[in-house]
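One chain is shown next in structure tokens, namely the form predicted on its own.
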Amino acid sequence: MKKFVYTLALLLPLFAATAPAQESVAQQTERPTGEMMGNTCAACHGTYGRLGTAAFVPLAGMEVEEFVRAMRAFRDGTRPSTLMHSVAVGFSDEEYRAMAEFFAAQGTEE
């Protein structure tokens, strides 16, 4: 029992010292931008959403409402997809709009 109390006494200051640092980092963290979130789409849709193939719709230049509507449909399952439902549930409507605005501003040419 003495070892446990001694160990706890040694560890407690470590936890106390790191808690404020973690809070301050969280407070300083900004919300991700549409570009930052849109970069997660690059693996399939290309850099800046410019990859257009038979399998992947190009996102660059897509109208904002079209993008938001598609993401909502993927999320609620009314637009079937093998992958996009899992992607869409990870974002809010506000984040859809931020990504949509980013992609709408992208030109289709590199």
Partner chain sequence: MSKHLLLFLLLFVLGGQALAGQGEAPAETWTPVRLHAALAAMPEGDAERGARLHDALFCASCHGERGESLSRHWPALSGQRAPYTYKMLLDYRDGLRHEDARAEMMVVLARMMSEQDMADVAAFYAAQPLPGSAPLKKGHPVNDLVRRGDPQRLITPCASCHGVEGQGGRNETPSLAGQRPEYLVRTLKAFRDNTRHNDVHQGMAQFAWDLSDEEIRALAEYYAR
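Just so we're on the same page, rigid core means the largest C-alpha set that superposes within 1.5 Å between forms. Positions refer to the first chain, counted from 1. This one's a predicted model, so the numbers in the text were calculated from it and none came from an experiment.
Not pictured, yet referred to below: the form predicted in complex with its partner chain.
Remark: Ala73 counts among the residues lining its partner chain in the predicted bound form, judged by a heavy atom distance of 4.5 Å or less. Among residues of the shown chain, Val57 is one whose heavy atoms approach its partner chain to within 4.5 Å in the predicted bound form. Contacts between stretch 76-93 and its partner chain, counted in the predicted bound form as any heavy atom lying within 4.5 Å, involve Arg79, Pro80, Ser81, Thr82, listed in sequence order. Superposition on the rigid core between this form and the one not shown places the CA atom of Gly52 2 Å or more away from its counterpart. Contraction of the Thr47-Ala54 CA spacing by 3 Å or more is recorded in the predicted bound form, set against this form. Annotation for the pair Ala54/Ala42: C-alpha atoms approach each other in the predicted bound form, by 3 Å or more compared with this form.
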